[in-house]
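Only one chain comes next, encoded as structure tokens, the form predicted alone.
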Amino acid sequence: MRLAIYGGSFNPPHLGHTAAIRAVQAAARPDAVLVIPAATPPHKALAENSPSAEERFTLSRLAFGALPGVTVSDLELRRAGKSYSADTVRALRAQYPEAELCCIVGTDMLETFEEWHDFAYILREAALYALAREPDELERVQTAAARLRAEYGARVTVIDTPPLPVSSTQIRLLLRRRGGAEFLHPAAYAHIIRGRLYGAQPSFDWLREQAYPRLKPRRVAHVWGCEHEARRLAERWGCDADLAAEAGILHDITKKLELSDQLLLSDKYGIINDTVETANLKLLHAKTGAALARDLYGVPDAVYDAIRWHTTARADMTTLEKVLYLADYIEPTREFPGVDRLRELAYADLDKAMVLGLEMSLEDLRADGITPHPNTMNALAWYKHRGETT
């Protein structure tokens, strides 16, 4: 049995790691590949704000668990202290005494192999499969392999395959800039965004891909318009335009659900609804949508609150909450008497626009025989009073 061992911090695991696994499988034909995330990497400290070892293990399972012949092992997570590869090889040798062990290493690990704890033991017990991490590193890999063969009799095979030129360091930076999804397994990326690991911010394209299938087709144009209107209003009034766009994309993600499904979500997220809300289905989607957006996409509190209040409004709203409320009302697909005046006012005086928008909303509700929610009444009273005292 030939067993390939692929250790590392996997912080995060990415498609470059996947490419390395496939290259080794193609060249060495191992019977199995064990991916073993380190609990405590011995040679370098984890980057600041890195997730826990358990989270990196979960990410690795999402990234590699479905690959044929690959198992993600928690061997090093179950062992206290630094995650020395020598100890891992020793444990696997005890478990598989007759196996042919081989360790997968990249350029930097091969070049510094003699700095590894008990490296001589590893070389006695395991072969090495070495891959370049960057396109111009093959010669370095070959030089390091030749030196280890000559000095220690190491069994080193250099796998000449085009690497995917990306590193975990680069991906962590991209994630904070709403990028990096193209270098990650979709399930791993979704998990990162859900927990906002690495300070990640979701790609807007990805967020739309998640949100739009949850909408009725005719609502997509409205949501697109709301996103872009919210961004423009946020830029006008000095709040975070990216957060406004997130709120715009996600504000209606539970809008199409019937009452029974809205109530199931309310139970799931511990949402308490009053009699006015349960009598008016459209009021529930703001609360369930905010909860679902936080659960699935890790939205920050400011976005959660903007979604939560975009239908009824409330007294003393944040700028972002007012921006989403009005963007939902005035985005380009909206056509109703008075919308042009409301659009003008939204860019001239945000609080006066709130008064007009709330008055128009209450007028529509009364015309349809619907009881307004007390939060809407309180919001209108609050903004009218604010206008009279400023």
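Note that residue numbering follows the sequence shown and begins at 1. On a predicted model such as this, the values are computed, not experimentally measured, just so you know.
Only in words, not in the display: the form predicted in complex with adenosine-5'-triphosphate, which the text now covers.
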Which one of 182, 274, 235, 108 is close to adenosine-5'-triphosphate in the predicted bound form, taking close to mean a heavy atom within 4.5 Å? 108
Assert contact residue (adenosine-5'-triphosphate, in the predicted bound form, non-hydrogen atom within 4.5 Å, options 190, 174, 99, 164) equals 164
Considering only heavy atoms, tell me if residue 9 and adenosine-5'-triphosphate come within 4.5 Å of each other in the predicted bound form. yes
Does at least one non-hydrogen atom of residue 29 fall within 4.5 angstroms of adenosine-5'-triphosphate in the predicted bound form? no
Distance check, residue 285 to adenosine-5'-triphosphate in the predicted bound form, heavy atom within 4.5 Å: no
Can you check whether residue 319 is within 4.5 Å of adenosine-5'-triphosphate in the predicted bound form, heavy atom basis? no
Out of the stretches listed (164 to 172, 78 to 86, 205 to 213, 246 to 254), which one is close to adenosine-5'-triphosphate in the predicted bound form, meaning heavy atoms within 4.5 Å? 164 to 172
Does anything in 27 to 58 come within 4.5 Å of adenosine-5'-triphosphate in the predicted bound form by heavy atoms, and if so which residues, in order? 44
